[in-house]
Every structure is written in structure tokens, then in C-alpha cells.
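First, one chain by itself: the form predicted alone, in C-alpha cells.
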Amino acid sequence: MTQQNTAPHGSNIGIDGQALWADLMETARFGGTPKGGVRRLTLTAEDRQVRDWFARTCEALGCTVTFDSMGNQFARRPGLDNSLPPITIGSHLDTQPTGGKYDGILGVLGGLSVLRALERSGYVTRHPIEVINWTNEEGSRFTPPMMCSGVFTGVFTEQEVLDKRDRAGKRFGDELEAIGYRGSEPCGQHPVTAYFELHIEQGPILEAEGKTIGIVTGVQGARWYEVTVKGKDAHAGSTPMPMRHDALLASARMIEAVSQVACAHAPTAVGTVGLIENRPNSNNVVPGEVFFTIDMRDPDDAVVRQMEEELYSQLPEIARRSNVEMEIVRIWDAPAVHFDPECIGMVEAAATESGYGARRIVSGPGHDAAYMARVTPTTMIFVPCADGLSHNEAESITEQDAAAGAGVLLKAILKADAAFNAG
């Protein structure tokens, strides 16, 4: 560790944009797909590989890397006063089944680029600085999403998450043990001073307005549901249409209702059915059972509640008319989040000082930052992605925007280091 730089707030420190981009390209190899995306589901071999890479790379910069009982990784660079809780930067390394190269990992590698910039300059912050990789942010293998930042902040208990099972019946706790990332530190007993998260926007606003930086003021509310529709398997050739109990046909009507409910609350509300399983899924059998998920979101919690009421009214009526049975279960409730005004101001000042076009923005997707805001001052930084596309192998950002976002992150971290616990 070199001596503290005397420049005010590390004003001579800069991000190595080329190194950040090289990291993004290198890590895309872990679970890389033929279409140029990434399939790196949580607690798989690919997840273990990228975790190992992250640990090695941070240790090479002189950091200490640990992980807690839920597999959350912490890469720590010491500060001048290591009795202070760290200022943290975080996001996730897991992806969707057909994910892109930047969702989540930009925040982790942007944090790594901050550590690299500090080490290269010799600047030592007052606080320790930590970069966090949160386990299972996506929720694509084990639901709900943001699962282990949720344990960290008391939203879920450790045991209920360890007992979660994927669609193949594999238990979360067993899979965490299998990749070697079940740590001894109880999840949630890791102190923090503040939390910053860099992310691609996953929407079209910044690109459409020609802005480089999104100053994120909060996250919209979301609720997830699982729906099971039960009819009766029957022969497709010999069962008259009026005598059928077709679970798939009923589900199709319900899926249309989900869209109609969301459209009724436009332009802010959205509703999605993203997963569906049809049983027995045979050419000549009338489907007897269907399972599907619903994702409903709006910046206003009252609108989310209203949409839920409409779903709970309309879907059972569709089931009754379709001669099937239906069960709907809410599996996740994430109220709207408002980030810390002081942290927001730090990001805004950093963007202005850097000369970037910026705007305040509310996040449509959920992020680990939404849970961290419950326990520590928190905010996020967005950079544009092409056509607003994310959760897609064609997800794309520019090297310049990645570096810009990391640069604003660095400046915000240095401002936080000066402001928090100043005595």
C-alpha cells in the first residue's frame, strides 16, 4: 500500500477505460454463447469460474477477498482508518439464460476499475473500499431475484434461501456448497458506510436523450406471482371442444389479461409473463396443467396494488369460464425505493465535474441497491445501452460510456470518502 496522495479528493486519479473493457471481454468467456451473449446462471460451474477470476484479479491488486454464508464476495482495499466501515461498490456476476456481457458485471468490474485506479495512483482513502459481488441477483435459476442482498438486509432469512429449489429440484444451499462459496461469516454481519452501484440502464431513455450518465433516484415497485392452472389431460382427436378442460387455452386468456391490466395503467405500468411450462406438452394431448409467472411493476406502489387486485379478480373468472382450476401465489413484493439524497448529490456533482450530459432517472428493473437502501445510504449510476436492450445476447454498450460511468463512480466514491464519518 502506497502513501496517501495529497491532491484534494484524489483529483488526479483516472479510470483506465481500456483495462475495464478488456475485463468485460475476458469475463464474457465464462458462459459465453455462440451468439455473443453469456449464460452464467447462479451457482453453476461458470459462476464459480468468474468468481475465481474476480478473486484472483482483486488479490493481485493487494485486496483481501472474502465471502459470507450466502456466497456474497467482498474485495477489500484497506484505508487509512480501517476501523471505519467500508464504502462499498457492488452488483452481480450471474446472468439470465440468454444474457448479455454487461448487465450486472459492469458494476462489479467498474468497482474493480476504481480499485485499480486507486492502486495505480497510490491514493489511500480514509475508509476501506470494498467491491461486492452479490449472489443470485437475477433470480432466473432460483427465485426471487436479489436473493442474497435480500438476506444481507434482512428481507429474507438465510434458511429460507438455502432451502430454495430450482425448477430441476436442486437445493440452493447444496449448490452453493458444491461451487465452494459457502463462507463462515453470517450474511448481514458485514458493516458498510455507503453503497454505490454502476449499471447499464436496461432502457431507452439515456440513449434517446443523448445523455451519458443516469443519476438514479430510486427503483419502481414490483410484484411477482406464480400461477398454476389445472384442467384435464385428454385425447386431442376424440375429445369434443365443448367438453375440454384445456389448461393452456385458459392460460392464454389469462396471459392476455395480464397485458390488458398493465396497459390500463399506461404509460408507467408494465406486466410480463416470462416463463411458462405446459404439461404434458404432447402434440395430441389436450394440456392438463400449465405453470406460468407474472411480473408487474410501476413506480407507484398504489398502482401495483391496484393491478394486483385486478389480476385477483379477472384470472379466477377466466378459470371459471374455461372449466379449469387456478391458483395464484405472490412470491415477491418489492416496494418502490427512494435512494439517499446525499449520495444522489455526489453522483450528480461527479457527472457535472466530468462534463457529461446527465439526467435524473428512476430504475425500472430491480437491483441489489434497492435492498441496500434499507440499511445504508445508497444510490446508482446508469450508462446507456443500445436500443435500451438488456436480458438479451445482443445487449451492447460502448467502451467510452463504460469508462465514463466508472469515472463518475470513482469521483462519487471519493466524495463519499470525504463526507461520511468526517467527525
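Remember, it's a predicted structure, so these values are computed and weren't measured experimentally. Residue numbers run from 1 along the displayed sequence.
This protein has a second form, the form predicted together with another copy of the chain, left out of what is shown; the following refers to that one.
At the 4.5 Å threshold, heavy atoms of Pro186 stay clear of another copy of the chain in the model of the complex, well away from it. For the chain shown alone, Asp295 is a contact residue for another copy of the chain in the model of the complex, at least one non-hydrogen atom being within 4.5 angstroms. Another copy of the chain in the model of the complex is not approached by Tyr102, whose heavy atoms all lie more than 4.5 angstroms from it. Although the partner is absent here, Ala168 lies well away from another copy of the chain in the model of the complex, with no heavy atom inside 4.5 Å. Here the marked residues Ile13, Gly110 and Gly407 all miss another copy of the chain in the model of the complex; none has a heavy atom within 4.5 angstroms. With the partner omitted from this view, the residue of Glu59, Asp52, Asp387, Glu26 that lies near another copy of the chain in the model of the complex is Asp387 [heavy atom within 4.5 Å]. Checking Lys211, Arg244, Arg126, Arg182 for any heavy atom within 4.5 Å of another copy of the chain in the model of the complex turns up a single hit: Arg244.
Judged by heavy atoms within 4.5 Å of another copy of the chain in the model of the complex, the contact stretch among the candidates 67 to 75, 271 to 279, 127 to 135, 147 to 155 is 271 to 279.
Using a 4.5 Å cut-off on any heavy atom, the residues of 355 to 379 that reach another copy of the chain in the model of the complex are, in sequence order, Gly364, Pro365. In the model of the complex, the CA atoms of Cys148 and Ile294 move farther apart by at least 3 angstroms compared with the shown structure. Figure legend: C-alpha atoms of Val347 and Pro267, shown here, are separated by at least 3 angstroms less in the model of the complex.
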